[in-house]
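So this first bit is one chain, no partners, the form predicted alone, shown in structure tokens.
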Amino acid sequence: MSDETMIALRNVGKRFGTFRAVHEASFNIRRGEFFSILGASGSGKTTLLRILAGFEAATEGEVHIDGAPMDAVPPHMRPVNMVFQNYAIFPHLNVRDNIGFGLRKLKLDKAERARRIDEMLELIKLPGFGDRQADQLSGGQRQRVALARALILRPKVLLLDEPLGALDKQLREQMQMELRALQRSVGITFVLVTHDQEEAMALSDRVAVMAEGRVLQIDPPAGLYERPVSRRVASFVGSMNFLTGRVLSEDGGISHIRIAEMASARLPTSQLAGAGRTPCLAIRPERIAIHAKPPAGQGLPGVLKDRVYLGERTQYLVETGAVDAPLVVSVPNTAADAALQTSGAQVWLSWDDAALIPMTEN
């Protein structure tokens, strides 16, 4: 992946009447990057993808692809191609003709056309499937054909609109690995729109989280997970607990924070910038330890309300005086305590202060 910019959005907005679907989106996507736009239904992610494709015109702002302005360029003239969730495989054509459909406008000779199709069949791991009809393919095979049909035109950017949404969980996970391997193989820029956080985290070099038409944060998956900038982002990426703290004092660049009557924390004051005197502190379930007896040092007491066995992990719900909602604690079953079995049992929670993430409420 290069540091060179392939796609540049500058204050891109879209209105439908009085409704603003996208608010002033400004960011770059790098050449050869796998970039995902993650958000719930109605977040504006698909509208933004359609603006890149040229299917929607931005109400304001500018889009550049490979240094060229796209405002006046129609969809069929843009250096992009798009793969949709429903595959759009032509039922009356076999696999070879589906893949090679877009080559017709290039007026290639028969030998070059056949060479390119064979190249794509090898790339998507379907050699020997060229004569099969669409109704003879599985869902995963149809998706591969749709990808090959888009890639055979050698676009600079491939746009993917929830391309794995119609697949079952096991096949979806398999196709995620294949899609990532395919992107690395061809080396072009992929832009994926999805509502599935696990999919975005598994596939992407960077992820943009959107809500209500706004881009809230852009970061690599680890950055989004470990350092979300707001409660909204933290809630959307993985499971998260939220605690309310109160800054008691500051000393030598360290803030002393009271979380509950029997819990406190020490955090760098610089991390609390913008969070105020009563910061929201987030912590992931797997960063909390649960004990059947009071731990050494401080521990937050609570009552075990429920436990859920999830195979490799057990998830505990613990009521404390720190927050209204139960805290979620996730423990690998190799470390699970057999004493933590009974609902209503007294337990204690502890954590490393470095696991606490100060953030704004929004």
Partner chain sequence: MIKRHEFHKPNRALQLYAAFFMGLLYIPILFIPLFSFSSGLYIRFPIEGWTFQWYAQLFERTAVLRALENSVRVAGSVAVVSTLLGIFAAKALVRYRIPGKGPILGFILLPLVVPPIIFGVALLLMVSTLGIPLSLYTIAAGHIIICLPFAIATLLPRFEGYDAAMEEAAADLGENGWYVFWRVTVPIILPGIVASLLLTFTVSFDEFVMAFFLGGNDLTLPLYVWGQLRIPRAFPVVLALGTLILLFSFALVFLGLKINKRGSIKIMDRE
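Positions refer to the first chain, counted from 1. Quick caveat: nothing in here was measured; it's all calculated off a predicted structure. Rigid core: the largest C-alpha set superposing within 1.5 Å between the two forms.
Keep in mind that the form predicted in complex with its partner chain is missing from the display, and what follows is about it.
Item to check | Interface residue in the predicted complex among R231, K156, R206, R142, criterion: non-hydrogen atom within 4.5 angstroms of its partner chain | outcome: So the residue touching its partner chain in the predicted complex, by this definition, is R142.
Checklist entry - Among the candidate residues R115, R104, R266, R277, which is the single one with a non-hydrogen atom no more than 4.5 Å from its partner chain in the predicted complex? => result Contact with its partner chain in the predicted complex is made by R104 alone.
Checklist entry - Hey, in the predicted complex, is P75 touching its partner chain, heavy atoms inside 4.5 Å? => result Output for P75 is yes: heavy atoms within 4.5 Å of its partner chain.
Checklist entry - Is the gap between F84 and its partner chain in the predicted complex 4.5 Å or less for some heavy atom pair? => result Contact check for F84: yes, within 4.5 Å of its partner chain in the predicted complex.
Checklist entry - Quick one: does D135 come within 4.5 Å of its partner chain in the predicted complex, counting heavy atoms only? => result Yes.
Checklist entry - Counting only non-hydrogen atoms and a 4.5 angstroms cut-off, does P91 reach its partner chain in the predicted complex? => result Yes, P91 is a contact residue.
Item to check | Listed range touching its partner chain, judged in the predicted complex by heavy atoms within 4.5 Å, from 119-127, 76-84, 214-222, 231-239 | outcome: Selected stretch: 76-84.
Next on the checklist: Would L224 count as moving between this form and the one not shown, using a Cα shift of 2 angstroms or more after superposing the core as the test?
Outcome noted: Not so; L224 is displaced by less than 2 Å.
Next on the checklist: Quick check on L93: with the core superposed, does its CA move 2 angstroms or more between this form and the one not shown?
Outcome noted: Shift at L93: 2 Å or more after core fit.
Checklist entry - Just checking, between this form and the one not shown and with the core aligned, does K105 shift 2 Å or more at the CA? => result Yes, the C-alpha position differs by at least 2 Å between this form and the one not shown.
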